[in-house]
Every structure is written in C-alpha cells, then in structure tokens.
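This document starts with one chain, in the form predicted on its own, laid out as structure tokens.
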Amino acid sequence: MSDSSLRLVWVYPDLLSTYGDQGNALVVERRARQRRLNVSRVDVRSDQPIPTSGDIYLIGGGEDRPQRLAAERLRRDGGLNRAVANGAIVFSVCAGYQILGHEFVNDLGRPEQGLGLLDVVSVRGDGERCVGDVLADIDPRLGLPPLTGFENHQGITHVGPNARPLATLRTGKGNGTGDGTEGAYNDTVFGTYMHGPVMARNPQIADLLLKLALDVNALPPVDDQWYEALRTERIAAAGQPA
C-alpha cells in the first residue's frame, strides 16, 4: 500500500447487495479494526466513479436487471479494471461473480459482456434454481477451513484454464456445472455464489483478503467465538459434521 491506511471499497450497494452481502464489508472492516489496523471504507454508488486507489473491493449479488446495469456502468467506468491492474484485491458474490467473468446472460436473455477479471463464463441453467445451504472445501492452496454459505441462483458458471475453482462441494450446487466446484479465483480476484453473508460465516476469508492486501503471511489473532458458533450451526444445518 502507498500509505498507512487500508482502503476498502464497497461497490454499488444500491444495485448489488442482496441477502445481506453488505455484511462482507462490515466484517472486513471490523476484522481490520480488531487488529488496530487503520482502515477507511467508501461505499460507491452506481452514479459515482470507482476509485482506483483501493486495496480491497467487495461486490455483492443482485437481481438480473441491476446486474446488467452494474456491468454496463463498470465497463464504462473502467476503474475496477484499473484497480486490479494496480494490484487491488476483489471479492465478489453471485451476480458480482458473474460480472467479473467474460460473459453472462442478462435480464433480456442476451449475452452480456463482463469485465474479464476472472476466466469464467456464465450461462443460464434450464433446470431448477440452485437454492439452499452450501458446504465446500476450499482450495488447499488458500489454507482455509471448509466454507459455509447460502446460494440462490439460476446461473451456471464454467471456470476457464486461467482461473481455479475456489472450493470443492460437499453440499449444494455451486457453479452448477455438475463437476463439484464452487466459485473461482486467480491471484487477486475471487468469486463465489455463497451469500450468508459469506464472511460472517467464514471470517477467515476476510482475513485472507487482509493478508493479501497487506502482503503479510499472518495476522494477530482475534476472538472468533461468535463466528465459530455461527459456523457450527450452519454446518450442522447442511447435514455435515463440523
């Protein structure tokens, strides 16, 4: 980072913030402050430019029309792509995840260009919606415990060779391709279908983003008692041993 403040950007809360996804921004901010890190947060509405000087960008889910509007405005703005080119970290959920890919199907039933920040392509599934609790084992390279979340989507997302699946499913549909994968990531950009909000269920994700932004291997420990109680409850709800 260029100064002592960690800059957190919540992207388009007026369009993309379903199922409490704004909680992800709250958790990242709180986890930073618990460690006495100097953190500043800005919520950027869809009529405002995306700042390029952020360290961590968070994008939530949304309905089909807001998703299309968000993709159009993010393409036109270009700030998020420039931020990633500068080394920023991005974490996206559901509609936000699809927007970061090369292409998805919009509310008009047409292919919509994404931002190309993740090597994924999303199409609309013909079957039932993917709805319910998800439990998945994250890619061992990331060193995190099993992930728990809630999915509600019709999309099917195919992960290309320049990205890796974020996790392997135990329960749920995830990417919807039938290959047992959930989400995708590269070095600095992450996408998942998990709501919850996912970071309230899995604070270790917030810690991973902080470590990447700070370029450190470890963070001082904090009290995880409340988070672990929620994790245990939701893992049990998914019908799996904790």
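Every value quoted in this text rests on a predicted model; they were computed, and no experiment measured them. Heads up: residue numbers just count along the shown sequence, starting at 1.
Just so it is clear, the following notes concern the form predicted in complex with a small molecule, a form of the same protein that is not shown.
- Contact flag, H195 vs the small molecule in the predicted bound form, heavy atom cut 4.5 Å: Yes - in the predicted bound form, heavy atoms of H195 and the small molecule come within 4.5 Å of each other.
- Report yes if any heavy atom of N152 sits within 4.5 Å of a heavy atom of the small molecule in the predicted bound form; otherwise report no. Output for N152 is yes: heavy atoms within 4.5 Å of the small molecule.
- Query: Does the 4.5 Å heavy atom contact test between R82 and the small molecule in the predicted bound form come out positive?
  - Reply: No, R82 is distant from the partner.
- Does T181 reach the small molecule in the predicted bound form if we count a contact as any heavy atom within 4.5 Å? Answer no; every heavy atom of T181 is more than 4.5 Å from the small molecule in the predicted bound form.
- Task: Report the stretch among 183-191, 54-62, 37-45, 202-210 that approaches the small molecule in the predicted bound form to within 4.5 Å, counting heavy atoms only.
- Result: Partner-contacting stretch among the options: 54-62.
- The unique member of L74, L135, L166, C94 whose heavy atoms fall within 4.5 Å of the small molecule in the predicted bound form: When the small molecule is considered in the predicted bound form, the option within 4.5 Å is C94.
- Item | T18, Q67 and R129 each touching the small molecule in the predicted bound form (heavy atom, 4.5 Å) | The answer is yes: all three residues contact the partner (heavy atom, 4.5 Å cut-off).
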